[in-house]
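In structure tokens, one chain follows: the form predicted on its own.
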């Protein structure tokens, strides 16, 4: 973190919004390509530290290891993590050497130290990005959560940008309820809960619901998991063929953006669980610790007598959860990526209108917003990068497109 004596400059060459794995990947690749970029950029994150949100989420869900193999990480050297783990091989999980959560966190700290990035993150949230046109030169004014402002010639948005996906039946509820009794997964921290003797209803059939179910059962809760389709297992959330030309060749050859969007949906195919997690849950099901209601959806929920009363859409066929006394509802329903609702893109959209396909912007080959020097990382770049854009592997693919645009020998000096 930058110390409190650091004076925020009025103007910088490059502003990076977010300090997660995508931003860290971009910065290491940027410095590898052009060392002189050091000192020309600042990273903005409310925590003031690298990987804070990522680390918190893994701890909150008590996730033992990553879903991505050891070759996917923020360092430019694909073998760096395996080299780092030589004396900790027991923290690489089968198959494909999936890094343990602690191992990956320690490795990222080593990357930050080795690339001397400890003092790159400014502790403030970017709340607004306003395009400016000064002397026919386009710039951006970044307004920060602490009231400060900074001008940047170029901006990279690397903060994910997804908003929680809340089912309609939640928004239609007419009765009030204690706010901690119905939470989206992004609000849950298993480490702060005491669940013994409680019944928890988890909505969703992806890996997040699996982690939450295991965590709740470990605390002595009884879990009911309801999923609109059959819960299925998949080692990765997109087939490894999407990491190379096997599938990407046809994807990149497809000129129709809507068809590309459909290819992304088919490749990811909604939520899935890893074989290890689903095997663990099926074992717990045999022990009577968790009940699965698959191909089933919640129709409505009502808070009454300090309990949830929940009706499913098939209640005429079977009672399902109608007579269960449920203490908590957790929504493992994912997030929605939509550039038109991203808080930092509102002024950009107005000044530089661009085609949006089902929430995803059509960017240029370098992932630059058309007409200005703003770049997009993560899932919002999927129309160019493919279905793994939001993953760790996607962070490298995205960086490979953005870095060349940032390192061209053009006006790299800080403009006041």
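In this text, all values refer to a predicted model and were calculated from it rather than measured experimentally. Numbering follows the first chain given and starts at 1.
Not pictured, yet referred to below: the form predicted together with a small molecule.
Among residues of the shown chain, residue 384 is not one whose heavy atoms approach the small molecule to within 4.5 Å in the predicted complex. Mapping the unseen interface onto this chain, residue 159 counts among the residues with a heavy atom inside 4.5 Å of the small molecule in the predicted complex. When the small molecule is considered in the predicted complex, residue 375 lies well away from it, no heavy atom lying within 4.5 Å.
For the chain shown alone, residue 17 is a contact residue for the small molecule in the predicted complex, at least one non-hydrogen atom being within 4.5 angstroms. Only one segment in the set 121-129, 259-267, 105-113, 295-303 has residues whose heavy atoms sit within 4.5 Å of the small molecule in the predicted complex; it is 121-129. The partner is absent here, but in the predicted complex a heavy atom of 392, alone among 12, 392, 403, 397, sits within 4.5 Å of the small molecule. When you look in the predicted complex, the only residue of 67, 29, 368, 40 with a non-hydrogen atom within 4.5 Å of the small molecule is 67. Judged against the small molecule in the predicted complex with a 4.5 angstroms heavy atom cut-off, the residues 45, 53 and 57 are in contact without exception.
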